[in-house]
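Only one chain is included here, represented as structure tokens and corresponding to the form predicted alone.
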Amino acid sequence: MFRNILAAFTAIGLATLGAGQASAQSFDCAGGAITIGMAKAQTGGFAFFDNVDARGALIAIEQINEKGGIGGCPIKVIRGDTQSDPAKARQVAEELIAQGAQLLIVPADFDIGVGASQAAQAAGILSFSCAASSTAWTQAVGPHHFTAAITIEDSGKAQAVFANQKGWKRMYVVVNAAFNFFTALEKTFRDNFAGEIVATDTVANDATDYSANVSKIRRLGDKVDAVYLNDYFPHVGTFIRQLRAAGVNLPILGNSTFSSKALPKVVGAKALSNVYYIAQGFYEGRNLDPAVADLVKRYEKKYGTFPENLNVLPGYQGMLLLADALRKAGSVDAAKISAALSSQTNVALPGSTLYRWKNRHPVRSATVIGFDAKGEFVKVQSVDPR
């Protein structure tokens, strides 16, 4: 049976998070608080993603503390800036541990955050990345590191499930091969797509003119049912605009990096017809899950802007999962928290569902997002990548 974490918040209080599955218990609050070290990029190139992830987690912590913390024990956060530097990440983690951090929230990227998680492992405390999607990270570090975002594998499977449901038989693939995220995602999509890959184009990471790619697609005419566009914004905005300007109105299937409020402005509402992408959940438009709508409202009030990118949702959801595990563990013992996290199944989170954990990364639902006639983001459907 699915259990809704936020419903447990509302009905029983954040201090007894998850009480629908296990009775509330007191927390071993010997130090007077649960001290979470947040080793994330506040400056540098990766700060754009880490800051939003951190803010989502901080809003969840604020809500938890408003209701009395975990078993009566408040959560205290101490922060350090990794400066988007992998070497600095380990140093910052070690400094936070020396300052009393009892567990660590680490960056949203394997390459940038692995040093921080290794420092936590060496110190015998749990590390947790709310917004990382790598399945290799947990295996590289050890038994007390978890990543909580939808995995590349589940995203690729969800793309294929949706494409198969739409009846697309012939797919034209466009991929930015400069990043493992895109190449790994494409491989999973290929492995699960029931149709034929008609052709594959590799585009450069610094490309601004896609006329050659667009001409190839246009020449194929009705031999193509849809375009699999595996790049990121703003590149995808330029590609879609040029494709539509050439008169090609094929459906386009993308990934979570399409999630930018600037996309409709760059492309135009009409050009976004039949454009879809897969994400962890829906926060970009109207008719939101009430808990997600509350998150967006709190974010705007606290930080003065709409969430800048998709990491707000995994940051928030990840902290809810971690809080649930802390409550069940009854202490900050890494082995107990790890066991409590691993036992979570069929958890209905704001915006998505966690089915289970596999090797300390999640198996979870995906969301298909599209656009209405006005260019507004709309939720199309949820997808079970299993």
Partner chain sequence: MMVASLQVIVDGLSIGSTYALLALGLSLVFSVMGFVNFAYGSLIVWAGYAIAVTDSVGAPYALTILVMVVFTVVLSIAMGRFAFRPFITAPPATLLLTSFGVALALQAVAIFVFGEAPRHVPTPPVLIESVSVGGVRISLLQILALGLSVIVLVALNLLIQRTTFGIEIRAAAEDSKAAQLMGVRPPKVLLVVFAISGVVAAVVAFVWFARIGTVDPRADLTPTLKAFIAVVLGGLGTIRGPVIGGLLLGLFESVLASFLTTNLLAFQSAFAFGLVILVLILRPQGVAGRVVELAK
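Numbering follows the first chain given and starts at 1. None of these values were measured; they are calculated from a predicted model.
Not on display, but discussed next: the form predicted in complex with its partner chain.
S.K.: Which of these residues, P86, G195, P143, P234, gets a heavy atom within 4.5 Å of its partner chain in the predicted bound form?
M.R.: Of the candidates P86, G195, P143, P234, P234 is the one lying within 4.5 Å of its partner chain in the predicted bound form.
S.K.: Could you spot which one of N249, Q99, N287, T208 gets a heavy atom to within 4.5 Å of its partner chain in the predicted bound form?
M.R.: Of the candidates N249, Q99, N287, T208, T208 is the one lying within 4.5 Å of its partner chain in the predicted bound form.
S.K.: Against its partner chain in the predicted bound form, would G68 count as a contact residue? Criterion: heavy atoms within 4.5 Å.
M.R.: No, G68 stays farther than 4.5 Å from its partner chain in the predicted bound form.
S.K.: Looking in the predicted bound form, any heavy atom of N274 within 4.5 Å of its partner chain?
M.R.: Although its partner chain is absent here, N274 would stay clear of it in the predicted bound form, with no heavy atoms inside 4.5 Å.
S.K.: Residue-level contact is defined here as any heavy atom of the residue lying within 4.5 Å of its partner chain in the predicted bound form; does S215 satisfy this criterion?
M.R.: Judged by the heavy-atom cut-off of 4.5 Å, S215 is in contact with its partner chain in the predicted bound form.
S.K.: Does G44 reach its partner chain in the predicted bound form, with heavy atoms at most 4.5 Å apart?
M.R.: Flag for G44 set to yes.
S.K.: Whether D201, T238 and V266 jointly form a contact site for its partner chain in the predicted bound form is the question; each needs a heavy atom within 4.5 Å.
M.R.: Every residue of the spot touches its partner chain in the predicted bound form.
S.K.: Among the candidate stretches 296-304, 150-158, 240-248, 135-143, which one is within 4.5 Å of its partner chain in the predicted bound form when only heavy atoms are counted?
M.R.: Heavy-atom contact with the partner occurs in 240-248.
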